[in-house]
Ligand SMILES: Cc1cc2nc3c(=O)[nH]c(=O)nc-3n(C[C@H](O)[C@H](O)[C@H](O)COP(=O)(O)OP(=O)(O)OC[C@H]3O[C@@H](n4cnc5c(N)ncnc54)[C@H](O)[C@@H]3O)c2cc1C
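Only one chain comes next, encoded as structure tokens, the form predicted on its own.
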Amino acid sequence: MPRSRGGESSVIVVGAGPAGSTAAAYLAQAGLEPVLLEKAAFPRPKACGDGLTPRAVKELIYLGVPIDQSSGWMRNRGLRVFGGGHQLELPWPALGSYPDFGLTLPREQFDQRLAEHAVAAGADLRTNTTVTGPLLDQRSGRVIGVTAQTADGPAEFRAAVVVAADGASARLATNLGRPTKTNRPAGVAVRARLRLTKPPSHPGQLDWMESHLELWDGVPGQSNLMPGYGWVFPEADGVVNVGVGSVSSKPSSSRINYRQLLRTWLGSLGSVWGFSPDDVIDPPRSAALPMAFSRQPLYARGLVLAGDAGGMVSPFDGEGIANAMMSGRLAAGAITQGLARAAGTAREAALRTYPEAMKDALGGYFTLGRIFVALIEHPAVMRLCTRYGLPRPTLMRLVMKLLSDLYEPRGGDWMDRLIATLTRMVPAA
């Protein structure tokens, strides 16, 4: 079958999620006119908690994406944590390096806005385009483009550099022999959206993102404890994103029926939040959470891995959007520098600064996260932490900074300095 026209460009970005659209936007701002290939059409559903920590908000501000509340963004003050019979409100820390608020927005809207932002900057977005494999230079083995299935038939897209931002499946990387590392944590999560049918039981409840360290099938402390953790993230227009998940120190498959777990937990939450399982407006969707640079190298032979394709979800809190957007920003910077140089050694040196920058930013932190997951996956350790840790506000503020990666990398208070020291002491992931 003859191939339809694809095209040639300086950079191809595969996947218009947070990592891909961010990379495309920065590349376009630099004048490189990237082609952004997306297998679906917008808006498209995604399994996600829809919650953005201040780190992700900072990336949105960097990129210049409007975040005013009139356009559907919902602000929150911090985390309300439940566990061990305790409840604690932890405001996002006031830091010079990060804003002191988080945001929520359904991923369907979030991804579409990022893609539109990239197009407005000059990216060439091609939707309904499924990438089927890499194109390789037969002599060097270098990636020189991708093959794809478009609405008009098969096509080839060629470029000097390809960014794989194709999500947890990472088909391009897997095709090129970059398998998942077996010594890295992995998570699974499932979420649903529900419409509030009556006001929540507590004043100010919508101002916080809730984190539940224990899941009960009825009244907390008076019913059966179930495996995993849960969240409730308020969104605009009386909608809440509710989800459950778990994390393990190795990417082994779990036998937990997460959808049933979510349905059971929804029943126990209803009296507090003002909904019932019948109020679901967006059915449960599940997602794998690849963590701690679980696929490497992040750059080799013309192919850059960004976001979930490189396994960049945090082992501490399961958050991936902030790291995905950071990877898109840093990848675009390295590519822009590389393409300003002649092909060969000089260009490769610039492109290799990308994995170095990512490991400088997250390598030590991810190693701490691997240790953290290995500890808390033991139920006895988790029970001790929730029972005796939550009643200590100072300790929990430290834990919040650590788990959300919100600390001053230089200077700051004693908590910031402690976390920064720990991340430097351990080897990079």
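The first residue of the shown sequence is 1; numbering continues from there. Note that the structure is predicted; figures quoted are calculated from it, not measured.
Not on display, but discussed next: the form predicted in complex with the named molecule.
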Contact with the named molecule in the predicted complex for V57, defined as at least one heavy atom pair within 4.5 Å: yes or no? no
Please check if G369 has a heavy atom lying within 4.5 Å of any heavy atom of the named molecule in the predicted complex. no
Is Y258 close enough to touch the named molecule in the predicted complex, meaning at least one heavy atom pair within 4.5 Å? no
Is there a heavy atom of L37 lying 4.5 Å or less from a heavy atom of the named molecule in the predicted complex? yes
Looking at heavy atoms inside 4.5 Å, which stretch does the named molecule contact in the predicted complex, given the options 216 to 224, 320 to 328, 335 to 343, 296 to 304? 320 to 328
Y354, F233, W92, F157 - the one with a heavy atom within 4.5 Å of the named molecule in the predicted complex: F233
Interface check vs the named molecule in the predicted complex: of V81, A121, V190, V143, the one with a heavy atom inside 4.5 Å is V190
Which of the residues spanning 47 to 80 lie within 4.5 Å of the named molecule in the predicted complex, based on heavy atoms? A47, C48, G49, D50, G51
